[in-house]
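Given next, in structure tokens, is a single chain: the form predicted alone.
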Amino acid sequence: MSHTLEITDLKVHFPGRHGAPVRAVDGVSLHVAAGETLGLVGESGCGKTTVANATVGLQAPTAGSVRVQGTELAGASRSVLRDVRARAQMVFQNPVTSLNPRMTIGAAVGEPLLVRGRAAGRALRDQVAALLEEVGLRAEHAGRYPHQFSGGQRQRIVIARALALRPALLVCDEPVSALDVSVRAQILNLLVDLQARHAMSTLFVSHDLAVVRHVCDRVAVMYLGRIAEIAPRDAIFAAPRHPYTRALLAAVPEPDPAVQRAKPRLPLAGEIPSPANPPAGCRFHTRCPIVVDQCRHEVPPLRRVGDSDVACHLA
């Protein structure tokens, strides 16, 4: 199976206040197959967004490899990055800050086509109209400005712009977390439909496990800059192998009170350590309910356990 995205031992470190680097991403390896949706989940600050930014060339890696359809982004020239960005597009969290308030939405959606020389004049207007209709808006909306639309409509506009160049990879960074609950399902269903229609690969970054369960084929769980577990969606939710994954799932509220009361409680002690001073061994050992001495000294490699790849000595 061919991979649209291949990330190998990716590290992204930032300068720290006292000389020690902030290890935002510290050795992440994952891939997204052609036509697949991979969910990347974890608590705030675990490095999810940094991985997403590195995937589209918005953040240069400190070390490691990022390949989109075989093209290496690490150390790539501007011309190479420009070419890759036509094939890897991003949908950001907040549609308000993603759109220029002084541009009509027709101009915003058509800008990638115009800049790339893909269309102009009547052909450009026709393609913009088709893109707007594809995401559930009307062609006559092209002359309006972003402030004239709701949050959900603005995210549809951002998605239409991302689709303009027909990318092979769509990177979605918390695409519904800034929206009202009432419109989240609509946008998620739109993304699922578009992904299937265009056979795109998708890297879907989220902290919401219910959202990930709805849209993803596989799930990668991050903790403090590293991958804790990667598995098919059903395996993650039915039989999580890593204690951190189990704790995340236990924290998801259930609408049925009886089901909620029957769920196991797996409280995590303490706070997430600083990425500027991560603990030795397994990074989760300071909060893990089943920690043993080996966890404090040895870094657990990702290894195959059942359907999962899991970084835990005790899995």
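In this text, residue numbers run from 1 along the sequence as written. Just so it is clear, the model here is predicted, and its values are computed rather than measured.
This protein has a second form, the form predicted in complex with a small molecule, left out of what is shown; the following refers to that one.
- With the partner omitted here, the residue from V28, V66, C46, V56 that has a non-hydrogen atom within 4.5 angstroms of the small molecule in the predicted bound form is C46.
- Among heavy atoms of V305, none comes within 4.5 Å of the small molecule in the predicted bound form.
- In the predicted bound form, the small molecule lies farther than 4.5 Å from every heavy atom of P61.
- At a distance threshold of 4.5 angstroms between non-hydrogen atoms, L10 is out of contact with the small molecule in the predicted bound form.
- In the predicted bound form, no heavy atom of A20 sits within 4.5 Å of the small molecule.
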